[in-house]
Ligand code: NDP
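Just the one chain here, the form predicted alone, laid out as structure tokens.
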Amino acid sequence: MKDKVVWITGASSGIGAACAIELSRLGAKIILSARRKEKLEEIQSGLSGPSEILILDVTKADEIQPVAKKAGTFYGPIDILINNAGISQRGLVEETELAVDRRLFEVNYFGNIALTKAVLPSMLERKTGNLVIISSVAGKLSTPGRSSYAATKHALQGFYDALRAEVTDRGVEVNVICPGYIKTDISIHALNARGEKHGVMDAGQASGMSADTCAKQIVKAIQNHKREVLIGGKETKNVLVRRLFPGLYHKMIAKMAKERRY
């Protein structure tokens, strides 16, 4: 990772911030992006190598190309893009306003692929680069209260499987990372059915893997050229249960739905 130019979105906290710290430790040149400058400055102060801050709201489609162009002026072309910006959801389908569903897709899907399309041409021209997509176990299975969140992650899975096939012989790698429960504030900042902040630390998040450990595993996956990796605890086993025992899986999530209200 030494001297690699790494651009990380959603870098102001959680997995994004932890990846920045780990990659900086390994000698990478880091570009931090998110909406909150003061939070990015906090993260930047803890980095051990070269870094720059680039404010970015991934929902503003007309700003993505200019921002991507500016990113290339700091240290040269982007070697690794970690597409991490995202937001979660807590709300039953019947109660969730359509505007919330649209918001989830603007942040998690359209913002993500727009940024990929902005940096991809340079990677293809140079015949090198990594597109690292922070998806979720929710991209493999769905659970109650997270319908649109899971839909956005399923959509990313489909998009990047296709892109990987298109670029696999052209020097560009696509690494899809599927974390389970990671101890971050993702559930606190999740949108409820009315689009308001959920404001609750879920039990799964509270007892989940640390963001630092997750970041180390993400970096290892990049180094080992993993097309896809599940990161987390026993919750990741449900992906296998879903595949091999679909009837059991559906009984499990139906029981979960009865026990939870959002």
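Numbering starts at 1 and runs along the sequence shown. Since this is a predicted model, take the numbers as computed values, not measurements.
FYI, the form predicted together with this ligand isn't displayed, but the following is about it.
- If you check this ligand in the predicted complex, you find a heavy atom from every one of 10, 34 and 181 within 4.5 Å.
- Among 202, 52, 57, 228, the residue placing a heavy atom within 4.5 Å of this ligand in the predicted complex is 57.
- Scanning 102, 189, 154, 117 against this ligand in the predicted complex with a 4.5 Å heavy atom cut-off leaves one residue, 189.
- Note that among 165-173, 80-88, 119-127, 93-101, the stretch whose heavy atoms approach this ligand to within 4.5 Å in the predicted complex is 80-88.
- For the chain shown alone, residue 148 is not a contact residue for this ligand in the predicted complex, no non-hydrogen atom being within 4.5 angstroms.
- Contact check for residue 107: a non-hydrogen atom falls within 4.5 Å of this ligand in the predicted complex.
- Heavy atoms of residue 15 reach within 4.5 Å of this ligand in the predicted complex, making it an interface residue.
- Along 113-143, these residues reach a heavy atom to within 4.5 Å of this ligand in the predicted complex: 134, 135, 136.
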